[in-house]
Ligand SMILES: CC(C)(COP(=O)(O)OP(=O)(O)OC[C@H]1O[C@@H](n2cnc3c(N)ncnc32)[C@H](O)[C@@H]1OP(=O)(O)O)[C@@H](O)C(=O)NCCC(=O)NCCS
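This document opens with one chain alone, in C-alpha cells, the form predicted on its own.
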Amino acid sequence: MASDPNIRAHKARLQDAQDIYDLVNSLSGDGTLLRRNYAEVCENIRDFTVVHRATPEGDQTFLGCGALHLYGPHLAEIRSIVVKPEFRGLGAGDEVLEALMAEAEEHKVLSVCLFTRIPTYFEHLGFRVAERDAMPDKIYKDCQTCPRLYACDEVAMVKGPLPKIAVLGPREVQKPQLVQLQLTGTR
C-alpha cells in the first residue's frame, strides 16, 4: 500500500492512453519495455491500471501504470509496469502491482507471470524465478517478435503454480535449427 494517502491506483480509461503511451515508450528505446503503438494502447486500455496522486488543488498527477494481460484461467502476465522516475520510491509501483494482483485474483487466474530485470523488487510480492519456456503463451505472444528473443536479459518470474497448458501456440518454443556448413577448400 502506498504510504502517501493521495496515491491511488484505478483502472485506466481512454483519457489515460496518451500518458501510458508516452511513459511506456520512453523506456522502449533501450529495450526496458516493449514498444507499444498508440492504437495498441487504446485497444488494450482495459488491461491497464494507472496510479495518480491527488494534488492539494484537486488535480491528478499521473505517476505510472501497469497492465494485466489475461491468457486464460491458467495464466496472466503483468506487463508494461513503470513509474515515472521522478515519482519512484513513493509506493506507486506497489500500488499498481497490488491492484493488478487483485484483478488476477478476481478472475481466479492460477498463475501470474512477469519478465523483469529487477527480480529482487518482485520477490517481496511472492514472485519466484522460473524458466521462461514454462510460459509458452507469453513466448508465443510477445517474445517471438522481440529483437532480444535469443539474447534476452530479462528474468522470468511467476506467482502460483507453473501453467500446465498453453492456449496460444505450441507447448514448446520453436527454436531455429542451425545448419552446419561444409566448406570445401578449393585454392
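Just so it is clear, the structure is predicted and the values come from calculations on it, not from any experiment. The numbering used is simple: start at 1 and walk along the sequence shown.
Form predicted in complex with the ligand: not shown, discussed below.
Asker: Check Ala92 for me: does it contact the ligand in the predicted complex (non-hydrogen atoms, 4.5 angstroms)?
Answerer: Ala92: yes, in contact with the ligand in the predicted complex.
Asker: Is His124 a contact residue for the ligand in the predicted complex, using a 4.5 Å heavy atom cut-off?
Answerer: Yes - in the predicted complex, heavy atoms of His124 and the ligand come within 4.5 Å of each other.
Asker: Whether Val109 contacts the ligand in the predicted complex should be assessed with a 4.5 Å heavy atom distance threshold; does it?
Answerer: Val109 lies outside the contact set for the ligand.
Asker: Even though the ligand is not shown here, does Thr32 get within 4.5 Å of it in the predicted complex, heavy atoms only?
Answerer: Yes, Thr32 lies within 4.5 Å of the ligand in the predicted complex.
Asker: I need to confirm a contact call. Of Thr120, Thr55, Ser28, Asn37, which residue comes within 4.5 Å of the ligand in the predicted complex, counting heavy atoms only?
Answerer: Of the listed residues, the single hit is Thr120.
Asker: Let me test this: is every residue among Tyr71, Ala76 and Arg128 within 4.5 Å of the ligand in the predicted complex, going by heavy atom positions?
Answerer: No, none of the three is in contact.
Asker: At a 4.5 angstroms cut-off on non-hydrogen atoms, which residues of 48-85 are near the ligand in the predicted complex? List them in order.
Answerer: The stretch 48-85, when checked against the ligand in the predicted complex, contributes Ile81, Val82, Val83 at the 4.5 Å heavy-atom cut-off.
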